[in-house]
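In the form predicted alone, a lone chain appears below as C-alpha cells.
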C-alpha cells in the first residue's frame, strides 16, 4: 500500500478541524499548529477551493520587515553601540576597531561621532576615545519593537528606510470555512480509463473528473506583422488596384548624378551638402554614367534649353560622380524614366516604389536618419495639374483621407509643385501628408521622352501614416533598435482609415 503523502495529511487535518470547529480564522496560525509551512497549506487550500469543498477569503496586509543587516543589529546591537562597547577606557586605534567590527566600523564611526559618543586624542586622529560611560541603544530598541509588531513613529520609519534596515512586505493569508460541497474526506476522481480499469471491470464504479470545455488551449506559436510592413502592404495593394507597376529599389547606394543632377537639381543646392547627405568613402565615386545623357544634363544646367535659361554655373562632373546613400526614391524614378525614354515607340506607364532612404538628420521623436518613402508617378501625353489632383484624391481617399487641401510649393525638379494636407479628425487640424508636382521639361526632355509627354508624381513617408494609424507618437518606437516587440504582438491588425 502506498504511503500517504504529506499533502494528504495536511488536507485530512484541515478538513477534520473544519468539521469540528467550522472555520479557520488565520491560515498562518493553523499551518504552525500542523507543523507545516504556510506555503504547503496554501497549496491544499487552493485544491480544496477548486472543488468548492472549502471557501477561502484572502487577508492582505502590508508590514515593515527587518533586513538581514537589521536582524544582526537586533542580536548584537547597533554599529554605533558595538563600536563604543569595543573602545577601552584608554582608547583604541582605528585599525584595531576596524579589524574587530568589520563592515559595521564605517557606519558605527559616523553614527557614534554624530551622537558625540566618541572623540579623538588631540594631535592623534588615529586614536579613538570614549566620551560617554554607557549608551542607550535606541536603534536596537526600535528594531526590536518593529520586529514584535509594535507601532513606531513615522519619523523612526523614515530613518530606518534611509538606512535601508527595513523593507515593506505584503503578507497574504486566508480565513476558511466549509464550502457547499464540504466532505470530511474527498474521493479521488479519475481522469482517464486505463487498461487495468477495463480488465478488472472497476471502471463501472469510478467517478470521473469533469471536463472543462471552457478552458483555453495552449497558445499557438505564430509570427506577427511589423506595423510598417502591415501599412506598406495595404498601400502596395492600393497602387496595384490603380494599375501601377513597382519599380526596382534595390540600390541603396546611388550616384549624385541620378540622385540630384538628372533631376535638374543644381550642384550648389543645400541638400547636396554633407550636413544633409551621407556620402561614401569607398567607393567614393562612380564612372558608370551614360555619356550622351550626361552631356545633355550638363548643358541644361549650365546654359539651359527646352525653354529654360538653366542655372548658369560651371557644372562639374566630379560632383556628379560622388556616391551617396540615396536621399529619396526619386533617384529610382529618374532611372526608370530614362529607361522608358529609350524604348520605342513610347508607351504610357504608371510606376510606384516603397523603400528606404537616408538623410543626415538629427534623430528625434518625428525624424530618423533612415526611413521609408512612398512614391508614385504617371507618365503619359497631355497630363495636367488637374490630372494630378484627381489621382491624389483617389489615392488618399483609399487611405481614408478624403479631406484634402493643396498648397503651392517649390521643388527644383517639379513645376508646378504642391504640398498635400489632410484634415486629421483626431488632432482637429490640417496635417501635411505629402509632396507632389509635375516633372520639369529640363528633366524629362534630355532623357529623350517625346514632346508633349508629361509626368505627374507624388511622395510621402511610410512612417507618418503608420504612426497615426497605430497611435504611436515617437518614430523610434516604430522603426529601429528601440522597437518594443510587445507593441507589435498586442496591436490588432491595422485597418486603414484615419
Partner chain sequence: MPTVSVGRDRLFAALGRTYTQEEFKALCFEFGIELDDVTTEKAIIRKEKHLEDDGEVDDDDEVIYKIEVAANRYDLLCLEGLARALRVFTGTEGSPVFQVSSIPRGSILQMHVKPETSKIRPYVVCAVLRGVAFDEARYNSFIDLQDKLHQNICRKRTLVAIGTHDLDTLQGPFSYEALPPHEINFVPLKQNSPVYPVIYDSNRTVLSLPPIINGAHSAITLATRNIFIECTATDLTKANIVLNTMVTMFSEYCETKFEVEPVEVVHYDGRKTVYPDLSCYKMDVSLYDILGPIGISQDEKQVVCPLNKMQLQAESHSLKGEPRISVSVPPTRSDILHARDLLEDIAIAYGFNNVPKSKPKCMTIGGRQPLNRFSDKIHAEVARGGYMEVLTFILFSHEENFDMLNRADDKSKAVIIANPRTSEFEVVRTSLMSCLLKTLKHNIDHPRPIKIFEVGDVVMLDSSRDVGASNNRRLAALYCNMVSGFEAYANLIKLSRKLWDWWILDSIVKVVRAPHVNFGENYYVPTDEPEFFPKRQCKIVTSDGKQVGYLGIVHAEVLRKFGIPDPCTFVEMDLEALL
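Predicted model only: the values in this text are computed from it and were never measured. Numbering follows the first chain given and starts at 1.
There is another form of this protein, the form predicted together with its partner chain, and it is not shown here; the text below is about that form.
Practice problem: Let me know the one among 102, 153, 201, 243 whose heavy atoms come within 4.5 Å of its partner chain in the predicted complex, would you? | Solution: Exactly one listed residue reaches within 4.5 Å, namely 243.
Quiz item: Which one, 144, 335, 161, 76, lies within 4.5 Å of its partner chain in the predicted complex by heavy atoms?
Solution: When its partner chain is considered in the predicted complex, the option within 4.5 Å is 335.
Self-check item: One stretch from 115-123, 169-177, 360-368, 191-199 that, in the predicted complex, holds residues within 4.5 Å of its partner chain by heavy atom
Solution: After filtering at 4.5 Å, what remains is 360-368.
Practice problem: Answer for residue 312 alone: is it within 4.5 Å of its partner chain in the predicted complex, judged on heavy atom distances? | Solution: Judged by the heavy-atom cut-off of 4.5 Å, residue 312 is in contact with its partner chain in the predicted complex.
Exercise. State yes or no: in the predicted complex, is some non-hydrogen atom of residue 208 no more than 4.5 angstroms from a non-hydrogen atom of its partner chain?
Key: Outside the cut-off, so no.
Exercise. Would you please decide whether residue 454 lies within 4.5 angstroms of its partner chain in the predicted complex, comparing each non-hydrogen atom pair?
Key: So residue 454 counts as contacting its partner chain.
Exercise. Look up in the predicted complex whether residue 349 has a non-hydrogen atom within 4.5 angstroms of its partner chain, and give yes or no.
Key: Yes, residue 349 is a contact residue.
Quiz item: Since the partner is left out here, which residues of 363-399 would have a heavy atom within 4.5 Å of its partner chain in the predicted complex?
Solution: In sequence order, 363, 368, 369, 370, 372, 378, 380, 383, 384, 385, 386, 387, 389, 390, 391, 393, 394 come within 4.5 Å of the partner.
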